[in-house]
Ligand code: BMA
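Below sits a lone chain in structure tokens, taken as the form predicted on its own.
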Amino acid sequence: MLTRSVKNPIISRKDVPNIYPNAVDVSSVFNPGAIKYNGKYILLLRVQNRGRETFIMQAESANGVDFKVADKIVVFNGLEKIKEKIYHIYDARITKLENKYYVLFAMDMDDGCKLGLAKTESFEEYEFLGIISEGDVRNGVLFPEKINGKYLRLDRPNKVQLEGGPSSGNTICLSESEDLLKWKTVKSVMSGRFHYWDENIGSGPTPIKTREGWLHIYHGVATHFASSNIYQAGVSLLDLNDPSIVLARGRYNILEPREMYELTGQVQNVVFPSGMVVEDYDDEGFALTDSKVLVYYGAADTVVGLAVSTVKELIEASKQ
């Protein structure tokens, strides 16, 4: 269902230019948000330095495979107005919405993980719009259009503490907003399946509109192994008019750690889907079933991988 690029990992720490003083000889680069803009592929990368500080950096490609990382750290203008201490900004998801590009990312703060929102029109400058969550929440991703007059997002409250790892959660929720800034949880969408590959779950890239429903790739964590939590990728199909309704959800993962760069690194046994580009749409904005799909993922919290499929194959996988 997903075929790894022969060039994997497509980005590693060696591809990140030295930026003094904060990003020199960095330790890792992973979990990219992805978008296609003006014919070019853009990734917003999670980069970690040797002090385990985290930054967002941008990479660009003409073919979606060979990327050049820009020699600057992304600045979210207005973020300096936040009075509370922000320890890390990471795991950006990019959504085109109403002819603007929104970046939703995680922010580690004293009282847990928050969701931050920024926008850009050119990927040259980014405007920070605010903190848009309460409580400890992660894996937020916007839908690319209003549904029934409301902005919608998927998110995942952190209510589970992984042994030897970060806080996590076993339920993806649907939230709605009138203005993209104030949000309320509407319904639960899907929960983890105890004792199987996706006991704890969280949304991945921006959902894709297809004739059969919203194509939704998510990550699942198998926690019942004595030595490791295993992060994998799966796929589901959500109702177009009410995305809290799950039309189909694959029984099997569509990508799991198998290659050495996925099995070993900062965190072993991880594939973490976070960016997706669908190449072809019809005139009404629906992804074509035979369209190529590029899925970008973090591998072992250390490098960036690319796996390729089609819309048709992913929809079929959701129904298995």
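Note that residue numbering follows the sequence shown and begins at 1. All figures in this text were calculated on a predicted structure; none of them were measured in a lab.
The protein also exists as the form predicted together with the named molecule; that form is not presented, and the subsequent description refers to it.
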| item | value |
| --- | --- |
| One residue of Tyr151, Tyr126, Tyr90, Tyr102 in contact with the named molecule, assessed in the predicted complex (non-hydrogen atom, 4.5 angstroms) | Tyr90 |
| Segment assignment from 57 to 65, 266 to 274, 33 to 41, 253 to 261: heavy atom within 4.5 Å of the named molecule in the predicted complex | 266 to 274 |
| The named molecule contact in the predicted complex: His216, any heavy atom under 4.5 Å | no |
| Within 4.5 Å of the named molecule in the predicted complex, all of Lys209, Arg249 and Glu316 (non-hydrogen atom) | no |
| Stretch 283 to 320 - residues with a heavy atom within 4.5 Å of the named molecule in the predicted complex | Asp301 |
